Each structure stands twice: as C-alpha cells, then as structure tokens.
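For reference, the chain that follows is the form predicted on its own, supplied as structure tokens.
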Amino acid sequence: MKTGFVLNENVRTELSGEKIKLRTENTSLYYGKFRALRNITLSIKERSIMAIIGPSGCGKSSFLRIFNRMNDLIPGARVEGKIEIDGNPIYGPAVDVVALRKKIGMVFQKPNPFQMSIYDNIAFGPRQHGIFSKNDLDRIIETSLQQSALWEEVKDKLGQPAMGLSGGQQQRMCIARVLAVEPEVILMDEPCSALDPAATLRVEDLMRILAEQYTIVIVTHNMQQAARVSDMAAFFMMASDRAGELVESGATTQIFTNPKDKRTEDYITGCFG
C-alpha cells in the first residue's frame, strides 16, 4: 500500500527479543453498565514508542488511563482481564497506586502547569515522595529540564511563573515534571494537539530521545506523527455497541504500509475517521 507518510528512519521493526513492559490480556473497561473497551490484548515493548491510533470515541484515551489507574477516579469504572507491568498486576488490593503512578507518569493533551514557579512545578513530585534537600531538588530539576530539552531556555528564570512559558515550553516542562519522579513509563494523551507545528516537532524529537530510556505510549489523531515517532502502532475502532476494540497492532512500518485489516487501511488512507 502506497502512502504519503514519512516513516521514522530509526524505527525498530524487530522488537521480538526485547522485554515486554506493559501487557493487557482480554482487558475490558466498564463505566457502570457501559462497556467502553472490549477484550483488548496488547503487548508493549520496553524502551519503545507505541502509538495508539483510531477515530474519535473508540476508547484510545480510556485505554491509556488503564495503565496508571486514572479511570479509578471515575465513579462506576471497573476493569476485567489482565493488565501488567513487568509481569506484575497493575490492579488488585496489594497494589500501591501512588507508587504505581510514580512508575507510570502521564502527560496530558493540554499543558497543565501548576500556578507556581518553574522550579516548584518540577519539585512538586519529588517533594510528594519525601525529597526536600535543596541540593537534591536542584540536581533533579536540572537533570529533568535537560532531559526535556528545556534547561538552556529556562535555567536563568526558574523562579518565574510557569504560566509565563510558551505553549510548547509548558508542555516540555510538564514532561520534565513527570521525569522528576524517575518513571519507567510515560503515557502521552495527544501531547501535541494544542501546539504549533514547530513546538510539535520539538516534542516529537524529544520523544525519540526519551525512548532510549523510557517506554512511551502515545495516543494521537495525527497519522503523520504516529508514522514519524513510533516503533509500534495499534489501531482501535468502535464496534456497533460503541465498545472500543483493537483491530490490529504491529510494527509501525507494517501498519502504515501493509496493514492486515482493510479497516486499518481505510482509516490510514483517510477513507473515514
């Protein structure tokens, strides 16, 4: 199948020998009686980027929030099936949800800086986990801002309000805030949808760098973005009863150039969505 997508030159099409970081097996999500996701089985490799794609309303963001249990905050939400990190269950009475969310960080659709200084935004997480030494916080903040490619731009104004940053800078600062608690997985829910093209490319470049150290799962409506940054892709669709289902998943090159399901090809080529 010929497409106009530019696939990332560095994408890894063979990940079979790498460790599985996240896994779902026959996972369903309910909001009360409504079934939002049905029987999702998907494996996500360590230190890779998995793009979750599909039309609006098919449960992509709901699926993302399964991994750090953000759906727990919604009354009536419940899950069935297996959801694991490193082979360990994410759900269950013995799971420390605070520790889980430290391990699995999240970057939201719109930048959400707290109404405090850049320094205090990034120090917020470490302080919540008991780090108060100024030397330790200074080190964490510099390291996190360097990792998020923002240090050189803000190192002389850390005491200034984070709300004064540009949209793209705010989003990279939010990424730094996640990195400050030393996660293993970063969930990104359309992190570039509110950004201009230049800021979007900077965040995409940052994702590729971060994937050398972290596992990244990104929900995106931008097919060009999914093709540019991800190693693997998973295509979701809404069934007739409005439950989200996984149509197919695989290496990004395969999904975008030789999809196995006609519905995937139709979506990627713009026939619907």
Partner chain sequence: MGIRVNPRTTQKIAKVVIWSAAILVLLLLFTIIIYILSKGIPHITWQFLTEIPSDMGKSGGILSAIVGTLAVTIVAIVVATPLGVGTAFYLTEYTRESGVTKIIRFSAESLAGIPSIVYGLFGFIFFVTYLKLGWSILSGGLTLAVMILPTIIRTSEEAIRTVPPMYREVSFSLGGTKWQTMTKVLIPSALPGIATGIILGIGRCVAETAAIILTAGSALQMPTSLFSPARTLAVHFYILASEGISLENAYATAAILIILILLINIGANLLVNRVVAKRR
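Numbering follows the first chain given and starts at 1. It should be emphasised that the depicted structure is a prediction, and the values quoted were computed from it without experimental measurement.
The same protein also has a form predicted in complex with the partner chain, omitted here; what follows describes it.
When contacts are judged by a 4.5 Å heavy atom cut-off, A198 does not count as touching the partner chain in the model of the complex. The closest heavy atom approach of R35 to the partner chain in the model of the complex falls outside 4.5 Å. In the model of the complex, the partner chain lies within 4.5 Å of some heavy atom of D72.
In the model of the complex, R172 stays away from the partner chain, with no heavy atom inside 4.5 Å.
Among the residues R208, R228, R65, R47, the one placing a heavy atom within 4.5 Å of the partner chain in the model of the complex is R65. With the partner removed from view, the residue among I104, C192, I141, L150 that has a non-hydrogen atom within 4.5 Å of the partner chain in the model of the complex turns out to be I104. The stretch in contact with the partner chain in the model of the complex, judged by heavy atoms within 4.5 Å, is 160 to 168, chosen from 142 to 150, 198 to 206, 160 to 168, 83 to 91.
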